[in-house]
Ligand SMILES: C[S@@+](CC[C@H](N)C(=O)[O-])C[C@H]1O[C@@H](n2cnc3c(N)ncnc32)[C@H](O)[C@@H]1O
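Consider the single chain below, provided in structure tokens and representing the form predicted alone.
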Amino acid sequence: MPDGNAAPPAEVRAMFDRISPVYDLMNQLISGFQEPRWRRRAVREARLAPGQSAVDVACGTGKVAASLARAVRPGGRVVGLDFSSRMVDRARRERRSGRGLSFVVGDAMALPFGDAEFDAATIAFGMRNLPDYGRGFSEMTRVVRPGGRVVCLEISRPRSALGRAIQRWFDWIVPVIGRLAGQGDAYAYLVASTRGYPAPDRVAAIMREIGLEDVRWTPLSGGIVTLHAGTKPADWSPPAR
């Protein structure tokens, strides 16, 4: 069995449709208002320049995609993709599509883009929802040019004493906040999905297994979040699956 989330994708999609109205506020509360700092780190790891292009997979309401778009202006192009149509609707309304920024509904397991179409591919807090992490990374790598970057920002299970203390708070407070927001089941799923997600070294190994080079990972905020990044080699080809 591949490394991946066992929850049925249709159920996960429906859950994200339901929580789209409260998604941004909940992210701020759950992250202790650290989410903007984490997002900036992910954008820097993409190493984009004006005039380049990127795709943000599992874009949610489009915050990372909008930050990437600012990094590639003038003349650049960014596409945000999500399988939740309601998330994409909110992204289009709130991030003002245009000036090189657009949003589409699509499947991270089969990205609707050509090979080597972008200079970078990012995913923030979406990889743990995919049914096959290796395939998700492989699709992101496929659509990136040789030498381009693949970046993953995700919640992780920390190892340090401080990180574990933060994690215990996270595991307790997230379902409470979710119930107050009327989305108890969705945010109970969030905690469960972080428990099932691989350790950072295993995520790095998956990235290497699908052919990425120079894979590195950085723990943030005591290790409760981890930033992974790798580079697509010139001779990359999709792994047999």
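These numbers were taken from a predicted model, which means no experiment stands behind them. We number the residues from 1 along the sequence you see.
This protein has a second form, the form predicted in complex with the named molecule, left out of what is shown; the following refers to that one.
Enquirer: Answer with yes or no whether N129 is in contact with the named molecule in the predicted complex, where contact means some heavy atom within 4.5 Å.
Expert: Output for N129 is yes: heavy atoms within 4.5 Å of the named molecule.
Enquirer: Closest heavy atom of L227 to the named molecule in the predicted complex, within 4.5 Å or not?
Expert: No, L227 stays farther than 4.5 Å from the named molecule in the predicted complex.
Enquirer: Test of understanding: in the predicted complex, would V55 fall inside 4.5 Å of the named molecule by heavy atoms?
Expert: Close contact is absent here: in the predicted complex, V55 is far from the named molecule, nothing within 4.5 Å, heavy atoms only.
Enquirer: May I ask you to state whether L48 is within 4.5 Å of the named molecule in the predicted complex, using heavy atom distances?
Expert: No, L48 sits far enough from the named molecule in the predicted complex that none of its heavy atoms falls within 4.5 Å.
Enquirer: In the predicted complex, which of 81-89, 113-121, 67-75, 139-147 comes within 4.5 Å of the named molecule (heavy atoms)?
Expert: Of the stretches listed, the one contacting the partner is 81-89.
Enquirer: Check, residue by residue, if F16, N27 and A108 all come within 4.5 Å of the named molecule in the predicted complex, counting heavy atoms only.
Expert: Verified in the predicted complex; spot residues all in contact, yes.
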